[in-house]
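A lone chain, given as structure tokens: the form predicted on its own.
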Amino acid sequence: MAQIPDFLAKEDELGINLPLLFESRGYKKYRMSKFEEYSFYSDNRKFLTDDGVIAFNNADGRLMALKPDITLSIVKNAKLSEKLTRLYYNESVFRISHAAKDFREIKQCGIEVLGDIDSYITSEVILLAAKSLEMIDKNYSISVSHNDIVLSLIDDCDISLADRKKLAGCIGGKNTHDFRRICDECGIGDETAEKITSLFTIDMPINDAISKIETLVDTEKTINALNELKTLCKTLTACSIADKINIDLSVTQHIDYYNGIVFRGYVEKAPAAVLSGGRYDLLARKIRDNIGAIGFAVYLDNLNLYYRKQRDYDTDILIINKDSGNADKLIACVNGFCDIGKSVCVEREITESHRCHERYVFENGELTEEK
């Protein structure tokens, strides 16, 4: 990995290091326009996290929108290879801030893989997610789940889509009280409700979680999902990151967007997930014919708040320039310091707020260090 200057903010540092990580695994950068036709997002509104989209009229009269979602744009516009298409991005999306009731820019860096997704690709993506989190903080964790283990049991119940989404919301919040209440209102039996509750409250290390899930699943779909989860966990254990992984079946992600393996990443100092991803075949196959898809995004926009870099100095060297006639000599002095890796600031007078390791005075064509 490249040597990154220690004065860069965490967000800027990751903006350099994450692409280098992704490039090292054969991912190619995807560059996209900030704008997309509004009708595209309108047609795929159910896949969006928020309802709000910033729209405007283009010079040719078309109604355009600032990107509220990167994955939608990639799935629509990416040129697919015959086998797998591995892409990464470092972009911004524009969404509503529910706290401020205003639009905000959210910086994201992540990967997308389109094509025939197998167990290796799934493992590779989660391993890259782990390495991405490690760049933020050595103290990180990933919560992994499989949408079909819990949600397929809800699908088997004869309830409306609206009630299904309510139950999914309760699962995501581990809200057992409202989950049981809605089950009663929908006519879901106590035995089924108890089984689903027992599943979505599982949040524990890999081996313990797998053992418990095995006692609770008995349908073809849930057993297949568990086997897929087992295969993934075996690979992650071989990669020596099993101690960073929890199986948390409340992680269901967007039910209209994701299917299969889903996951979220956390770091010690941030109060919420800073990484989110999983399989999203449901979205991909609505836009492109018969393809699988998996990926994740790292949310960069708030990391500087939680990982502030405290510097003891502003530059290595401060030069007080008291000579107005020998700029060529002063420039040569500055370049000499920079060539050996020093940071330099030149001022006309002493600035008490400027912190430095060494201070010099340039006068009469000569540079003198102040003791």
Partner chain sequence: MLNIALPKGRLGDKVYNLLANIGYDCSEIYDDNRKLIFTNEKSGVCYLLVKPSDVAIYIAHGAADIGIVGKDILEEDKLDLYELLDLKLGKCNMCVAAPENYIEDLDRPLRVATKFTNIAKNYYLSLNREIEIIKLNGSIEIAPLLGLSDVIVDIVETGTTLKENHLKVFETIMPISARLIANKSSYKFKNSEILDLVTKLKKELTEND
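For clarity, every value in this text was computed on a predicted model and none was experimentally measured. Numbering follows the first chain given and starts at 1.
We do not show the form predicted together with its partner chain, though everything after this point is about it.
Contact with its partner chain in the predicted bound form, defined as a heavy atom within 4.5 Å, is made by all three of S250, Y266 and A272.
In terms of contact with its partner chain in the predicted bound form, the residue from R181, K76, R104, K230 that brings a heavy atom within 4.5 Å is R181. Contact with its partner chain in the predicted bound form, judged by any heavy atom within 4.5 Å, is made by just one of D203, D301, D256, D281: D203. Though the partner is left out of this view, S143 does reach within 4.5 Å of its partner chain in the predicted bound form, counting heavy atoms only.
When contacts are judged by a 4.5 Å heavy atom cut-off, T219 does not count as touching its partner chain in the predicted bound form.
G173 belongs to the set of residues with a heavy atom inside 4.5 Å of its partner chain in the predicted bound form. Although the partner is absent here, H177 is a contact residue: one of its heavy atoms lies within 4.5 angstroms of its partner chain in the predicted bound form. Heavy atoms within 4.5 Å of its partner chain in the predicted bound form belong, among the stretches 79 to 87, 135 to 143, 230 to 238, 292 to 300, to residues of 135 to 143.
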